[in-house]
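A single chain, nothing else alongside it, follows as structure tokens in the form predicted on its own.
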């Protein structure tokens, strides 16, 4: 059983990762940014009273320093939890100084998160009003109609968010044909999925193919927010297909919320590294850093936005060492 106090502990972890990686913004060095986030995260994890096991870590797709799958985190005391982690969601974003890079973390009771293999996943995500109305196997236009009806909008008023990739040309074409509007994102579909559940972001639905690990992390966030994500694994070769078989995952099956994150309790935390629609990025002010974090717990439905101010003199481990 997870302690309520773990929510604030997770905030400490994502804040540290965000501050450490923000030093690399716009410097064109995505692996260095990722390494900074990962190292900061691991250092704080070691102080947290829990028995965590990484079920979703940084995968081979990033070829970056990892919090690897199976790694044990925490002090070895306290609740047994599954940990899904993306120390820096949007390594390319930070390297280019773009929008919506996050340090992200999700935990659930042991055994409750899908151990998603590091491969592609087709996804569709919506906020609370549209829950139960979408179907990943339905045509784009049908999903847009359903969401428009659920939100009492015309299709022309909807905004779909899609990662700007050649593989999405057909989806983008179909959204435009339907008359809806599109917000293309360069990277970071966790932010894209979570944004569907917040009115102020102006995003109604996410479509497209991204990483499976990010799909599970986004599902935890949407579980906390009362939204919905559906996914289908898309193995790209024999080896990936075999890995799904070995893990007992049927690739033809639509993964629903309870497949991605079981149970009624999970905690999600994300700190902005660069500015986004939902979270401001880290601001470095000389002797201190300012952070903006979202933390949510599924069991209570509480959603908190936390502004932090961190003394870099008193936390020398957050300062970048070239």
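Please read these numbers as outputs of a predicted model, since none were measured by experiment. Residue numbers count along the first chain shown, from 1.
Omitted from view is the form predicted together with a small molecule, to which the following refers.
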| property | result |
| --- | --- |
| In the model of the complex, the one of 82, 228, 187, 204 near the small molecule [non-hydrogen atom within 4.5 angstroms] | 187 |
| Proximity to the small molecule in the model of the complex, single hit among 127, 117, 74, 210 (heavy atom within 4.5 Å) | 210 |
| Segment that reaches the small molecule in the model of the complex - one of 195-203, 232-240, 165-173, 149-157, heavy atoms within 4.5 Å | 165-173 |
| In the model of the complex, residue 221 touching the small molecule (heavy atom, 4.5 Å) | no |
